[in-house]
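Take a look at the structure tokens below, where one protein chain is shown in two forms, each on its own, as structure 1 and structure 2.
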Structure 1
Amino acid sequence: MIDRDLINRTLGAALRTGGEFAEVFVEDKRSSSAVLDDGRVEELTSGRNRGAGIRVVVGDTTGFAHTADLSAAGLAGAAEAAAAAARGGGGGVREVSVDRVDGSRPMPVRIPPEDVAKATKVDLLTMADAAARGEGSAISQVTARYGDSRRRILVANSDGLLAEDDQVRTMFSVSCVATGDTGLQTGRESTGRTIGFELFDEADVEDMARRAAGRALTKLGARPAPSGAMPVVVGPGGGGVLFHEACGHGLEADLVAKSASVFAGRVGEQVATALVTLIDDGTMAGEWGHFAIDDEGRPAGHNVLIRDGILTDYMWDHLRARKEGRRSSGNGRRQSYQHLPMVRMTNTFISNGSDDPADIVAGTERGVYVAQLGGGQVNTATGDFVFGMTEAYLIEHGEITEPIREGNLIGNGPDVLTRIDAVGNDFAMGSPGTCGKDGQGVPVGDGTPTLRVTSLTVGGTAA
């Protein structure tokens, strides 16, 4: 993307006025998307973003600058701006020479989306639209989205690291509106993988459309959700968001270091019931949060965070790990070259337990069964979190009965982890997500088997 000599000169310029660490992150991202809405293919969009972010670390201070200009002059300007920002006082010239290290392992992409005709992508949209509308005249509106991106990155730093990655992601989603006597209801289905257009060998867009339509139709008859604390069973694949919010963010080392996490200082302690083993794994090939190297050039890792209920480790980026004299866990990520990296999750999941999912439901006298979760949010300092349920049912006398309207669930991370009393053996990954932190969004995956929380507060309107 840029040659080694220019990298060396840029890092040298970044450290000209002192500093312990300098890094150049170069990104060239192309994206394309197509939207079908209201029965028509509305819009195809192509995007290109290319530039470099340069950071310089002096003591506890990080200076950062970015530029869309990848010429020698543009990079020198950004390097100087980053150095000035870090206010290095030491002076003196430092020679920097980088060498390629491991991690440069291009991901296998069978069908690069850029080689696929736009007409073929558009066909997927019209197929999904027809399939959703075929579910009945109550389906009044359908939106289908196709998107792909190819993100090439290069990371080089003054420790001598040089690494590259080529990340291809492809996604598809369908959202339906159903209209009935009780008003409007929505249903959504999405898939996204870190692979090329071969995604559609495994993902049947018509099937997805029918499921999205089915969700909206089912909810037309939904009752108001109950309110108050009760047992909640989360279906396979759905519960990842729960753990992402309930403890994932709280295990990010940057928040731990600021004592802004309820899990600070608790490594080695029992933080969850022994049924819970929580893993963050950027190496899961093809998953939405997969990559070869993170945005600091470190190889993706398979990191066990909680093993049989015991907190084993946090997630680390380069800076936080360096302070602790340990290695990054491959969790340093950023939205784009215009952002500083920080500790982020990748694919976060709970491993299989031994319970039969049917028994988990049958053993629940009264509660809520959540088949599909929406987004969530957490206050890591207090552990209080919420997440939305977009498809949910009542459990009455051990059986899943009527659908209920959408709503949020609220809980406290450390409390909820101690209230997981059943984990099924039907592990599945959930829908692709975008995790937001300090204004930056990155693609993440999550997964769980069916599991039960003995008490969560359901935010419905029925008393």
Structure 2
Amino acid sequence: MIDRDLINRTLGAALRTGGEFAEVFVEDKRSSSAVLDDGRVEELTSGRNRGAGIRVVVGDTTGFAHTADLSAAGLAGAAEAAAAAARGGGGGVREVSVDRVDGSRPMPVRIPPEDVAKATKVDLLTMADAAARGEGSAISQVTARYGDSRRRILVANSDGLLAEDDQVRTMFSVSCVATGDTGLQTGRESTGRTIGFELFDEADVEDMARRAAGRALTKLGARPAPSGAMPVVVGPGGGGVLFHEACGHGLEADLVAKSASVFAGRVGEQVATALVTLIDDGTMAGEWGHFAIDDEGRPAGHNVLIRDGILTDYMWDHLRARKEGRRSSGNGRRQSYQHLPMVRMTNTFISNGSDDPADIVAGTERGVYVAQLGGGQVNTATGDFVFGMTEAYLIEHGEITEPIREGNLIGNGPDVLTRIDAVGNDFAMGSPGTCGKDGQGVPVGDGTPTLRVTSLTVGGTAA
């Protein structure tokens, strides 16, 4: 993306005034999107974002500057600005020679999205709209979204590292609104992969639209959710966001270092039932949080965070790992070249157990079955959370019965881990997501098999 000699000179400029560590991150990202709402194409956009971020570290101080000017003068100016922010004055010259380091490559892209005509992408939207509306006259609104991106990055640093990655992502989603006696009810379905337009060889947008419409229509006849503490069975894939938010963030090393995590200082302790193994894995080919290298140039990792209920490790970026004299776990990520990297999840999930999902439901006399969770709020320092249930059903006498609506799950992440008494053998990843942290968003995935929590508070509206 830029000449190696220019990289070396830029790193040299960053270190000239006494920097201990310097890093150049170059990004060239192209993206396109289309939105159809109420039968009309409301958005059809494309864009490009290109530039470099330069980080210089002196002791515990980090200087950072970014520029859209990738010329020698532009990079030198940013390097000097970052160095000045980290430490003024000093002198001397430190020469750097970088060597290439490559992680495992992402899945090969068979159909680059940029080679596909916009009209073809819009056709997907209109097909989804027609399929959703065909499910019934109660479907009053359909919104379909298409998006793709190609993100090329280069990372070089004063330790001699030089690494590159080429990340292609494609996604599609359908949201439906149904109108009836109970008001407006919604249903949503989405898919996204780190692959090209061949996504639509495996994803049928019309089938997605029918499922989204079906969820909305089902909720028109749903009962209000019950209230109180009860067993909750979480279905495959749809509940992964609970563990991403309520547990995953607390296992990020930066929050641990700030004592802003309930898991701080607990490596080696039992933090969950022995049925629970929690993994963060950026190497999962094709998944939304997959990449070859993280945004500090480190290979993506398969990181077991909790094994058989025992906390084994945290997620690490390069600088925090360096202070501890260990390797990064490949979890240094940033939204763009305009941002500093921080510890972030990739694809976070609870791995398969051995229980039959049907037996888990049959063994639950009364409770709630959650097929899909929506957004929520989490306090990482305490683990307390609230999540909306976007698709849920009553469990009565060991059977899934009536759909319910207007309900939340309320609990504490670490406490939930100790209340899991069954884990199924039907693991699935959930919908693609964007994880927000300190104002930055990055693509992530999450997943679970069917599992049961012995007691969770359901916040419903039923008397």
Partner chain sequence: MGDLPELARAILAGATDAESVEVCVGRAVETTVRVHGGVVVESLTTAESHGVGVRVVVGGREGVAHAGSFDADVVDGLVAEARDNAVFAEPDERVGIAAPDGVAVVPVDRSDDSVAATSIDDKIALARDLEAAALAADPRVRGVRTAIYGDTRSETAIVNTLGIAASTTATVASLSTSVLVDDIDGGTRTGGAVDAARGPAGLDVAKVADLAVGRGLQLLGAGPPATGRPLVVLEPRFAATVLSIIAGMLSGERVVKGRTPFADRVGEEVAAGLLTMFDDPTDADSLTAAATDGEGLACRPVPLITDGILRGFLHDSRSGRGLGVASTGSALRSVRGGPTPGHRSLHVAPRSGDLDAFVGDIDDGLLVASLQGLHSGVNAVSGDLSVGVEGVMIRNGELAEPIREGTLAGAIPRMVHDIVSVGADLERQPGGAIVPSLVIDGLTLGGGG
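Because the structure is a prediction, the values reported are computed rather than measured. By rigid core we mean the largest C-alpha set that fits within 1.5 Å across both forms. Quick note, the numbers are simply positions in structure 1, starting from 1.
- Note on provenance: structure 1 matches the form predicted together with its partner chain.
- A displacement of 2 angstroms or greater separates the C-alpha positions of residue 408 between structures 1 and 2, with the rigid core held in common.
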